[in-house]
Structures are given as C-alpha cells and as structure tokens.
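Only one chain is given next, in structure tokens, and it is the form predicted on its own.
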Amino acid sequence: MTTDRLRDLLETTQGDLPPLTTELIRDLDLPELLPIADVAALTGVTAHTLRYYERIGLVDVARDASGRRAYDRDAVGRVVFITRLRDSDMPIAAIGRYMEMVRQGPETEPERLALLEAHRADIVHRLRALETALAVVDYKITTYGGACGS
C-alpha cells in the first residue's frame, strides 16, 4: 500500500472509523509489512519518532532485503498502544519499563497490571481536576452572558 493510497483511505473514512486501536489495526485491510512512511501516515506518529521508539527499544521493527524498516501488524499495534499511553501523559521511561516487562514474559503480568492501574488512577485524578476547571470556566462564561455547549 502506498502512502498516498493510505492517506486516501484515512481521508475517505474520516469520522467513520473508530479511534485507531491495536484491535482495529488487526482488522484493517493492510499489507503484511508496511514501510515507515505508511506507518507514520496511518498512526500520525512522525518517522523521526518511530525511529526514536525503535532506538530506545519500545518497538522492534524488521528490515526488508534492502535494509529498510518493515513494520508488521504487531509493530504497528505496539506503536498505536504507545501513542495512546503518550496521549495520556505516561512518561517514556514508564512505557519503557512496561515494554521491558512484556519482553520478560507472562511472569511480569502482575507488575504490568500494577503499572497500568497506577497510571489509570493518575488519569482519573487529572480528569476530575479538568472537570472542576471546566465547571469554573463554564460558570464565568455564563456570568458574562455566554452559553456553554457540550
């Protein structure tokens, strides 16, 4: 799949596709291996960041016969997962710890669960703080005669 064809797919399905998830990656009609440009277009992660993720060990990427990066579905799914963790402000170091535990195998599942539960608690705390801040802003907007949409 060329980058242009992939961009067309993303543009024509804008609003019709749910948020990109590892599960959706498995369901999309994608080639077995994708070059870095296509992964960047699909995920919204720059090629520079993708190379950085590979360099620090967050994602393993195979190489084709010419030595170019060739992302399989698992690697693309991992990029999506990392992106969601970064979107929720999980530090790169914590993501790195998580990925290292994944490589160590199933015996680290309790530690991975604890890391994710702690991160979830942090997200919930930040959401509550944002809801309080939003309520204050909404109050002030209505005080000035404005209307607040949902």
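All residue numbers refer to positions in the sequence shown, first residue = 1. All of these numbers come straight from a predicted model, not from anything done at the bench.
The protein also exists as the form predicted together with the DNA; that form is not presented, and the subsequent description refers to it.
A.B. asks: Could you work out which of Arg84, Arg69, Arg112, His119 is the residue within 4.5 angstroms of the DNA in the predicted complex, going by heavy atoms?
C.D. replies: It is Arg69 that has a heavy atom within 4.5 Å of the partner.
A.B. asks: May I ask you to choose, among Pro31, Gly57, Pro91, Pro106, the residue with a heavy atom within 4.5 Å of the DNA in the predicted complex?
C.D. replies: After the contact test, the surviving option is Pro91.
A.B. asks: Can any non-hydrogen atom of Ile36 be found within 4.5 angstroms of the DNA in the predicted complex?
C.D. replies: Judged by the heavy-atom cut-off of 4.5 Å, Ile36 is in contact with the DNA in the predicted complex.
A.B. asks: Although the partner isn't part of this model, could you tell me whether His125 comes within 4.5 Å of the DNA in the predicted complex, counting any heavy atom of the residue?
C.D. replies: His125: no contact with the DNA in the predicted complex.
A.B. asks: I'd like to know if Thr49 sits close to the DNA in the predicted complex, meaning any non-hydrogen atom pair within 4.5 angstroms.
C.D. replies: It does: once the DNA is placed as it appears in the predicted complex, Thr49 has a heavy atom within 4.5 Å of it.
A.B. asks: Taking heavy atoms and a 4.5 Å cut-off, does Tyr53 contact the DNA in the predicted complex?
C.D. replies: Answer yes; at least one heavy atom of Tyr53 falls within 4.5 Å of the DNA in the predicted complex.
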